[in-house]
Every structure is written in structure tokens, then in C-alpha cells.
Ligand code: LER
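The data below hold one chain only, encoded as C-alpha cells and taken in the form predicted alone.
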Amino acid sequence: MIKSCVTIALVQQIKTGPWIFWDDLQAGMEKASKLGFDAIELFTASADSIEIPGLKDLLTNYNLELAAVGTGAGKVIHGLTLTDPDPEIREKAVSFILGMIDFGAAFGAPAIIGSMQGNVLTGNDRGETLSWLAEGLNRLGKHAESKGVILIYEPLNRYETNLMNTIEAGSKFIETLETKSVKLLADLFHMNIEEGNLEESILNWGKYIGHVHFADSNRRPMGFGHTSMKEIAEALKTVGYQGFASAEAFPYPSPDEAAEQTIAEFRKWFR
């Protein structure tokens, strides 16, 4: 069964980003629970910025799961990526993500690598850069497996990375890894930019999808853009996807209205 999920961000430096609820963790969880969401996806400044026992209590109280944890603060706050030419920075990036893997694993939730993948920088060799990415993902994937979770790697659109932009490219890349614990994040916003046909991409490469970001073509909540969800929902069901559809979307027109719109669209397509 595909489950519903809403995002909560607690990092001031990403205040303008595509997350539904902000700042107040408990208030966001209370609203998510009342609307009937199954889970939250959480963005924190670091692995130790929230106490695990307290979060476990909140999740229990509001009958929610932790679907995934984002690692973007590693880049936004600290400037860390897995493909930085400086090996010391790459090592710090791995260390930051290892902490997030451990944090998420306490709840059975994967960590997501999006912006921390980095880019092929001007003057750098693409092959070498991809070898750094593979090295990092292999280390992190093996650690995730040892903790009983998967690791999520996210192909981003061309304006955010020049590494992997499509589900096909991401799938073919993770096929080359030593670890088999890395899965892909199918972000419908990024896919609307890069994929020739979203449904076909899901059908062709669905076995590699471990998480879905449920946002419309304009990054607003689903239903506020031109994404054709009927075919996408059918494709996800056809490939047997059993994970979360998580609203990484702008809080438009307001956080509460965005959450209400998201759960209504989720129920329309997946219930």
C-alpha cells in the first residue's frame, strides 16, 4: 500500500524551499495527524538536533511514521557534497550523511541524498567526479544496510545538478554500485522537467524506486499544476511500489491549505 506523507522543515537556512510545514515540529505533526497523513518527512540541521526518544514519543502520540530524513542541510549550512574535489570535504560529507542514516535508522527511515550529491565542477573530469559519487554511495549504502535501512539517491533536474537528471540515468548508475541498498527518489517535479514520459520511466525503472516526492509540475501541491496523475498513479501501482508519496511542495497558498490539498489528491489517486 502506498502511504501518504507530508514534509516538515526545521532549518532556517532553507526557509524558502518546498516544504509544507515549518519551524514547529509538534504543531506540524498534530496537523498532519488530524488530516490523516500516515507519515512525515523531516528536514533537520543535523542528526543530533532532535532527541530520538522525544521524537519517538511524538510519532506514537500522533500515530505517524517517519518516512525519511533529508540531508540537504549538509550542503546548505556546511557546503558539503560527495563530489567536491577536496577529499577532506568529501569525507566530511560522508560523515554528515552517516549521522543522518543513524538518526533515520532509529525509526526505520532512510536518509535522502539530494543536493549533497553535488556537481561536476568547471574544469573537473566527469568520470572522476562520478567515481567520487560512487565511492560515497557505496560506503553510505553499506552502512545503511548494516542499520537495516536503505539509502535514497535523488536524480535532480538540470538546473540543480549535472550528474543524474532522469530515473533511467540514476537507475543505470546505481546498477554499477557494489552496494544494493541504494534506491532512487522519483520526484515528480524534477521528472516533469527531465522525463519524456513519466509513466514510462516509472514502468521501465520502477524496481529501483524507493521513495516518491508528490508535487506538481510547478512544485506546488499536487493538483495546482499540469501533472497528469492518473497515469503516474497507475504506473506506481503496476510496478508494485509500496512506499510513501511525500509532499515536498511549496506551502501554497498556505501551509494548512497545501496540506489539505495534498491529502485530498493523495486519496483521489491512491485510496
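Counting begins at 1, following the sequence as shown. Only a predicted model underlies this, so the values are computations on that prediction, with no experimental measurement involved.
One more form of this protein exists, namely the form predicted together with the named molecule; it is left out here, but the text below deals with it.
Q: Pick from E160, E168, E195, D102: which residue has any heavy atom within 4.5 angstroms of the named molecule in the model of the complex?
A: None of the other options qualify; the answer is E160.
Q: Can you tell me whether L156 touches the named molecule? I mean in the model of the complex, with a 4.5 angstroms heavy atom cut-off.
A: L156: yes, in contact with the named molecule in the model of the complex.
Q: Verify the contact flag for N119: yes if a non-hydrogen atom of it lies within 4.5 Å of a non-hydrogen atom of the named molecule in the model of the complex, no if not.
A: Outside the cut-off, so no.
Q: Does S201 reach the named molecule in the model of the complex, with heavy atoms at most 4.5 Å apart?
A: No, no contact at 4.5 Å.
Q: Any of the heavy atoms of D84 lying within 4.5 Å of the named molecule in the model of the complex?
A: D84 lies outside the contact set for the named molecule.
Q: The named molecule in the model of the complex: within 4.5 Å of a heavy atom of each of G114, R219 and E248?
A: Yes, the whole trio is in contact, each within 4.5 Å by some heavy atom.
Q: Residues in which of 184 to 192, 124 to 132, 144 to 152, 168 to 176 have heavy atoms within 4.5 Å of the named molecule in the model of the complex?
A: Within 4.5 Å of the partner lies stretch 184 to 192.
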